[in-house]
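First, one chain by itself: the form predicted on its own, in structure tokens.
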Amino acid sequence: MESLIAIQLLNGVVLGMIYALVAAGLTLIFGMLDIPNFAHGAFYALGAYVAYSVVAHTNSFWAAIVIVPLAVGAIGLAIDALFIRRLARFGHVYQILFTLGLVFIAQETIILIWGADPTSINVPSALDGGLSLGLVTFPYYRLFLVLAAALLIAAVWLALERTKYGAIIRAGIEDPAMVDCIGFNVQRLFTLVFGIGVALAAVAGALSLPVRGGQPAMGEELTAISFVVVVIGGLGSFAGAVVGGLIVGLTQAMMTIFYPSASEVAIFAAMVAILLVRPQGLFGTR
């Protein structure tokens, strides 16, 4: 029993970091830009399938990790510039309806291009094997996934908090008219942030493909969970995305042992419990 619990704890950390990486992208889009992107999970699924195609054509997982965020992030840039920003003046309802429509478009596009059958890729040979931790062995690829997700989230946080353009973006969120007056196109900056958020979801899909596989509707669950993670952690908080992701991942993993049929319900119950104590989330502000 001890080894099973240890395995599930490690699986919960891996799952939690996948959720955290997806939620970090949603933190940029929903928490900072105030865009209710219900298609966020669709970009996660698209990232997984683009990674599958890249690996199939190049036989290189590392090429997929580079190409996926660039390709899917570019799609996100186009969608924001052509559609979402134009709908902003009509209110959130139209953005919600548009992003919900994107979910169905993305699923059908995946089925048309890649088919309806589940798919997966092998773990790269450089990351075969595992690290012995006494009771269990932790696969090197899963360790890589945890570290890669943490580094990507940290890199985006540093770019926003410690660079000139990060300061301009944060100022644009607080006072867009002032930033426009000093010569920066706020809408273009916001579109760039939207693209980065989409790219984070896409690379999470690529990283999870060897572990969880892929299927056309894989983004639906991730959309709901990523919103739960963002709400638990607090809107606009990257630390909250990581902590919220780990809470959700560990809750889901441990419930799989003790009460499997309630593993999905448990994560929403955890959200409700935290909101009753801190309505703004763990790291959010009122």
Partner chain sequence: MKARSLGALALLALIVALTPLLVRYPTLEAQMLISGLLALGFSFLLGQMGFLSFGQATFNGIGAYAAALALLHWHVPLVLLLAIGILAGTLSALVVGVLSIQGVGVYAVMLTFALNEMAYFSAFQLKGITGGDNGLRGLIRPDLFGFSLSSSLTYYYLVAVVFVLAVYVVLRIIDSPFGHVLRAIRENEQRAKAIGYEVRHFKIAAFALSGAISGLAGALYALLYQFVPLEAIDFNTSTNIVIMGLLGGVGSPFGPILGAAIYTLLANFLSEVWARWPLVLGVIFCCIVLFLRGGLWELGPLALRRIRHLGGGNVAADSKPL
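Bear in mind the structure is a predicted one, so any value in this text is a computation, not a measurement. Positions refer to the first chain, counted from 1. What we label the rigid core is the largest C-alpha set whose atoms superpose within 1.5 Å from one form to the other.
This protein has a second form, the form predicted in complex with the partner chain, left out of what is shown; the following refers to that one.
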| property | result |
| --- | --- |
| V231 within 4.5 Å of the partner chain in the model of the complex, heavy atoms | yes |
| Any non-hydrogen atom of H92 within 4.5 angstroms of the partner chain in the model of the complex | yes |
| Contact of F38 with the partner chain in the model of the complex (heavy atom, 4.5 Å) | yes |
| Interface membership of L246, the partner chain in the model of the complex, 4.5 Å heavy atom rule | no |
| Residue among A224, A239, I257, A63 with a heavy atom within 4.5 Å of the partner chain in the model of the complex | A224 |
| L100, M178, L135, L147 - the one with a heavy atom within 4.5 Å of the partner chain in the model of the complex | L100 |
| Location of the partner chain contact in the model of the complex, chosen stretch of 136 to 144, 68 to 76, 100 to 108, 204 to 212 [non-hydrogen atom, 4.5 Å] | 100 to 108 |
| Residues T58, L151 and G183 all lining the partner chain in the model of the complex, heavy atom within 4.5 Å | no |
| Within 4.5 Å of the partner chain in the model of the complex: residues from 65 to 89 (heavy atom criterion) | F83, L87 |
| Threshold 2 Å Cα movement between the shown form and the other one at L10, rigid core reference | no |
